[in-house]
Ligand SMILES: Cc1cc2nc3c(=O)[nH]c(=O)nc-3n(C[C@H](O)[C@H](O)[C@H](O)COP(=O)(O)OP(=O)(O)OC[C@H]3O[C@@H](n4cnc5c(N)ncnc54)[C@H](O)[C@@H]3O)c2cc1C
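Before any questions on how it binds or moves, here is one chain, the form predicted on its own, in structure tokens.
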Amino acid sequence: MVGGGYVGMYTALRLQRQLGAELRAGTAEIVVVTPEPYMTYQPFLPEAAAGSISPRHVVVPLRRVLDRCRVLIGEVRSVDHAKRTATLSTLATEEEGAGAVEMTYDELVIAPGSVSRTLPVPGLADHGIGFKTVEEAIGLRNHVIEQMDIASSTRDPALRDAALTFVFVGGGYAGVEALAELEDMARYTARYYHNVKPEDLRWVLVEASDRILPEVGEEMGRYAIRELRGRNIDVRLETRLESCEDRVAVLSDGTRLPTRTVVWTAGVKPAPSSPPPTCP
């Protein structure tokens, strides 16, 4: 099993149940190769970022759920289907300096999941903040609070405005929920600052299409826009991020937003297979 995300974990769990007798007898083995020892339930990332729930409630430890599987923390480097072998590296092989080990298999399930889909936007690689993992979610929360600390202590009005401007790119579930949860968190947190008020914070949602939340239909999308704008959130439809170099978000409508926070939630793509599996 390559990958311990949602698909990988539940596939291994089903196999674990179906092969219970064989696993107990030692005539079968399920091996899960994954970079992380847990499965992340990504719909809860916005709540974790805002502190509404604990990060531990967003992850499922694989060894606790897949107690009859062999979980290896590492990556599959190549697959030879003709020989039915997979070459993989683990934490142990890296420590031992062995590089990689070869493992034979009878059946191979490839479920490596997805990664953030990025575009060649100038400055994005340097200043963009992802929102795909627990670490990124918690890091974003800490970053927002840090910007409020900067704004509270600086005497430079330009730096203050940039610190209190938060730009989210992508109007899908991840972008809208992350922005809404963090705006609510920051609005509550502002009461503990003597010189930062909720109305000082500027939140901008940038979406390239003419609607947000396409997963829930047009009517619910329009309702969400009304609710966001009712909370003084600037929603820009049919607008793209052209650049974020030098900590200035330049939008396709000509707007320039000095900001220290650009959160990129513009979709995902399949995890890259590099090098690709070798085929017979």
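Heads up: residue numbers just count along the shown sequence, starting at 1. All values reported here derive from a predicted model rather than from experimental measurement.
FYI, the form predicted together with the named molecule isn't displayed, but the following is about it.
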| query | finding |
| --- | --- |
| In the predicted complex, segment of 187 to 195, 97 to 105, 201 to 209, 110 to 118 with a heavy atom within 4.5 Å of the named molecule | 110 to 118 |
| Proximity of His127 to the named molecule in the predicted complex, heavy atoms at 4.5 Å | no |
| In the predicted complex, Thr239 touching the named molecule (heavy atom, 4.5 Å) | no |
| Phe166 within 4.5 Å of the named molecule in the predicted complex, heavy atoms | no |
| Pro35 within 4.5 Å of the named molecule in the predicted complex, heavy atoms | yes |
| Triplet Gly171, Gly221 and Lys269 all within 4.5 Å of the named molecule in the predicted complex via a heavy atom | no |
| Partner contacts for 197 to 218, taking the named molecule in the predicted complex and a 4.5 Å heavy atom cut-off | none |
